[in-house]
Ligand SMILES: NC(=O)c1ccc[n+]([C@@H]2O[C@H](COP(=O)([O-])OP(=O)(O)OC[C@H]3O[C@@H](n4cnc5c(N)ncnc54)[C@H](OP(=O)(O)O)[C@@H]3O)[C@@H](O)[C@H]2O)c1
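First, one chain by itself: the form predicted on its own, in structure tokens.
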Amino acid sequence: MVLLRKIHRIGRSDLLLKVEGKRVLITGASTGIGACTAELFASCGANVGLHYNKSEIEVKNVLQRIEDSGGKAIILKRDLLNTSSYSELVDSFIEAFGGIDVLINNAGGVYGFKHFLELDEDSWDNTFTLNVKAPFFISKEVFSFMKEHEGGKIINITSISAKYGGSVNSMHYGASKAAMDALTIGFAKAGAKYNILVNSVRAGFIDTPFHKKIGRESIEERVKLIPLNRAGKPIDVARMVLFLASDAGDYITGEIFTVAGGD
């Protein structure tokens, strides 16, 4: 009863997930979790940077839906396998919005989805460049800005494969996501004194285009392993990201949150 009285005195509006006016850069925002997160943030009043590389039609559709709903967003094209693109991406976003409050490192993927005995070095390198190198150097650029501007938040989208090590076909992907979780902890320690809060959201098996390359039978078998007995939806992950980016996440850093239906 005491807690309920305190909540009543605080007021309901203070319990909402507030991100209105925040400047949010999302990598890999053309489809799946990234697109859903972008639309959710925009619907809550955030100014959103939609990064993409190849999916031009899809990212334009995301932008259109955001603008049709009264939101504000811009499109930023960069190839994250090209290391020169990292500072360009951050600089372009900051120039457009005058700063950055939240970075969401969502872009990721797997190259060479095949048995590890057949895995080539280029597939390994590209997977780690996209999933580890790019988030590190983009975060480094953003960290430098946030350090001089009263802090901010960095949220890394990782994967349940970091917990299980991936399959025989995606071992390198699992390793790269585990490395990303390690970066989360390192950046969080470095950022605490500057009010830069850094967390990971470890996504489970989410129903996105990322999994279309896997056969239907494999998908059905994978879903059977999930206690909630269904694949996750992008919105399941997006809501956790929103929570961390909002005022509700102002005392959380260095944590790894799993959104995986009990997996």
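Predicted model only: the values in this text are computed from it and were never measured. The first residue of the sequence shown is number 1, and the count goes up from there.
One more form of this protein exists, namely the form predicted in complex with the named molecule; it is left out here, but the text below deals with it.
Each of G28, H51 and L80 places at least one heavy atom within 4.5 Å of the named molecule in the predicted complex. From the list 143 to 151, 157 to 165, 95 to 103, 114 to 122, the contact stretch for the named molecule in the predicted complex under a 4.5 Å heavy atom rule is 157 to 165. Residue contact check for I206: one or more of its heavy atoms lie within 4.5 Å of the named molecule in the predicted complex.
With a 4.5 Å cutoff on heavy atoms, V198 does not count as touching the named molecule in the predicted complex; it lies far away. The shortest heavy atom separation between S43 and the named molecule in the predicted complex exceeds 4.5 Å. For G174, no non-hydrogen atom is located within 4.5 Å of the named molecule in the predicted complex, even though that partner is not displayed. Along 87 to 113, these residues reach a heavy atom to within 4.5 Å of the named molecule in the predicted complex: N106, A107, G108, G109, Y111.
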